[in-house]
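First, one chain by itself: the form predicted on its own, in structure tokens.
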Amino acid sequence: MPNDIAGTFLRRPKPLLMTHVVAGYPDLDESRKTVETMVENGADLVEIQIPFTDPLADGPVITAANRAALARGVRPKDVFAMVRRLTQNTAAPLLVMTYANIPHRMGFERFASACAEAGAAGVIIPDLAFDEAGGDWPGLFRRYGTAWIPVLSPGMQEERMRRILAGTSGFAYVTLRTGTTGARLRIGKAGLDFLGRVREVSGPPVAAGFGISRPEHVRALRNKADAVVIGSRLLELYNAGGAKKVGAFLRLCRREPESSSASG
């Protein structure tokens, strides 16, 4: 079942691997094939980004991919068509990620309908707060059968965190630092502390992202996060050696939790 987020978290070994692609980079056909390679090599969930001119939460690697995709003329309707095609032969839940301008321009009802028709399991819009004036965004997507995935970042107050998690379906996306995406050598203590705070609040599964770039990062987050999100590092690997290099890296990451479990 392609949109079974809850079942995926129950069935797959943790932490799950969640990957990110920019749809249309370097072109639509290649980004679709990259998603398929990711799933074949261990990705449990895939975040598919609709390219946008000003991706505020993204660092230089993903921003450059956004601009290249836009330069090729990739539009939201192309991304929905790509997701629709992928859901026909990809078992992993696919998540549509974008920025608030896109649904504002399309109209939220139309955007939510397009996500559902494409078969997206969830939607991530990091610059749109769940309680932003204008509508009940989590409720809107829920009516269409699509999970609203909130993004929580260090510095968020506990009361607000509890309100968000109480209304979340699917899982919560926790950033390990403030700022933008991008591979890092280490996972900072502040990010781990924040992740621990989120886990103390009973609620949905938690995916940790921003800075994860090594298989040992995946191992370090075992028992701390239900899923890890890898984005910029995969794009760097793709730029260096194509989807084959991405697949090899994911196989290494996939083995980390399993080998850790076997050793004790």
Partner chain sequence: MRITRPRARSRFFGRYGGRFVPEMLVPALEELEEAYLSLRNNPGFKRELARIRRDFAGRPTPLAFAENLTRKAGGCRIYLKMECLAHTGAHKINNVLGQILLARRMGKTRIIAETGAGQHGLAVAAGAARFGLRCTVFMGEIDMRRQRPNVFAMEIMGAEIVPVRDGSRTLKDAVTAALKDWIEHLDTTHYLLGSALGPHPYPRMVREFQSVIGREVKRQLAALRISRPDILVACVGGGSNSLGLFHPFLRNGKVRCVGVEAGGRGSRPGDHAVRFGAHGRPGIVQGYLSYFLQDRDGQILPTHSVSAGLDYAGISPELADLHDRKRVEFVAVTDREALEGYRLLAAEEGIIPALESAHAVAYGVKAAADLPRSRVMVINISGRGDKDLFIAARALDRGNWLAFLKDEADRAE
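Quick caveat: nothing in here was measured; it's all calculated off a predicted structure. Numbering follows the first chain given and starts at 1.
Below, we refer to the form predicted together with the partner chain, which is not included among the displayed structures.
None of 37-45, 24-32, 66-74, 224-232 except one has non-hydrogen atoms within 4.5 angstroms of the partner chain in the predicted bound form; the exception is 66-74. Only one of Ala81, Ala190, Ala116, Leu140 comes within 4.5 Å of the partner chain in the predicted bound form through a heavy atom, and that residue is Leu140. Taking non-hydrogen atoms only, Ser202 never approaches the partner chain to within 4.5 angstroms in the predicted bound form. Proximity of Pro126 to the partner chain in the predicted bound form falls within the 4.5 Å heavy atom cutoff.
Using a 4.5 Å cutoff between non-hydrogen atoms, Pro51 counts as a contact of the partner chain in the predicted bound form. The closest non-hydrogen atom of Thr168 lies beyond 4.5 Å of the partner chain in the predicted bound form.
Taking a 4.5 Å heavy atom cutoff to the partner chain in the predicted bound form, the contacting residues in 164-178 are Ile164, Thr175, Arg177, Thr178.
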